[in-house]
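A single chain comes next, written as structure tokens; it is the form predicted alone.
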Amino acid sequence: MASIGIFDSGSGGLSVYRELVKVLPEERYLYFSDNAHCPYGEKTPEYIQDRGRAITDILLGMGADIIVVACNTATAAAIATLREEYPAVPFIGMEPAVKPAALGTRTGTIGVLATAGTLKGSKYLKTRGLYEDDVRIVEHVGQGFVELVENGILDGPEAESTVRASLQPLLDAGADTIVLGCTHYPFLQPVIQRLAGPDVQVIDPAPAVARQTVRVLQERGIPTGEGPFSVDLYFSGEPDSLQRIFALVSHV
């Protein structure tokens, strides 16, 4: 049985946890929500690196065999530093799902919804550079999306108006494929899909991250399976948001 550490700025990483449990159902999970410091999107890379170190130390102290950085902004700002400073620890980061979007678009235009930190990060910029000669890539910060999720507002008029404000410019630009570049955003996917319409594909990268975690565990020879399954939740702020979203993913 593997001990899988997961961290995010808040509850968004539970969208990755939900996919991990599907492919690794008999492991021990340690989830850390850094919600006292959420959102990360406007924080400096140095600040996020410091938080990444602190959380990594906590998860390793709890016995984590592998750490999933279930946050696009933290991946962009901190994962290279964490890999350098903790060379014995396998880290899994979020991959911008630009490749499947570029391969699947019919209009030749794809939209990326992400935080400002992710859109400025070298990981995303490198990925975008591989495909921007072949497809048109339009971007928009999901303004207020993280706050909606952290407050448990996943549907209704407020969610719709907030989502529409950031989604509509991508649709107006002709995007027929929308990449979700923040782990909070999949919790708003039903609203995003409804507003975008049935002809627009919305891509959540979490399933691919879960598959990569399986591959790295196998490559490292870390035993998996044979349980018992368990999950422990940790948080730097108030527990309400994390517990609310965890109750949702636990019933999927």
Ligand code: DGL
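Numbering starts at 1 and follows the sequence shown. On a predicted model such as this, the values are computed, not experimentally measured, just so you know.
Beyond what is shown, the protein has a form predicted in complex with D-glutamic acid; the following relates to that form.
Stretch-level contact analysis of 33 to 41, 192 to 200, 219 to 227, 57 to 65 against D-glutamic acid in the predicted complex, using heavy atoms and a 4.5 Å limit, identifies 33 to 41. Shown alone here, residue 78 lies farther than 4.5 Å from D-glutamic acid in the predicted complex, counting heavy atoms only. In the predicted complex, residue 175 stays away from D-glutamic acid, with no heavy atom inside 4.5 Å. Mapping the unseen interface onto this chain, residue 97 falls outside it, with no heavy atom inside 4.5 Å of D-glutamic acid in the predicted complex. Using a 4.5 Å cutoff between non-hydrogen atoms, residue 110 does not count as a contact of D-glutamic acid in the predicted complex. Between D-glutamic acid and the residues 170, 92, 146, 159, the one pair within 4.5 Å by heavy atoms in the predicted complex involves 146. Although D-glutamic acid is not shown here, in the predicted complex the stretch 96 to 124 places heavy atoms of 115, 118 within 4.5 Å of it, in sequence order.
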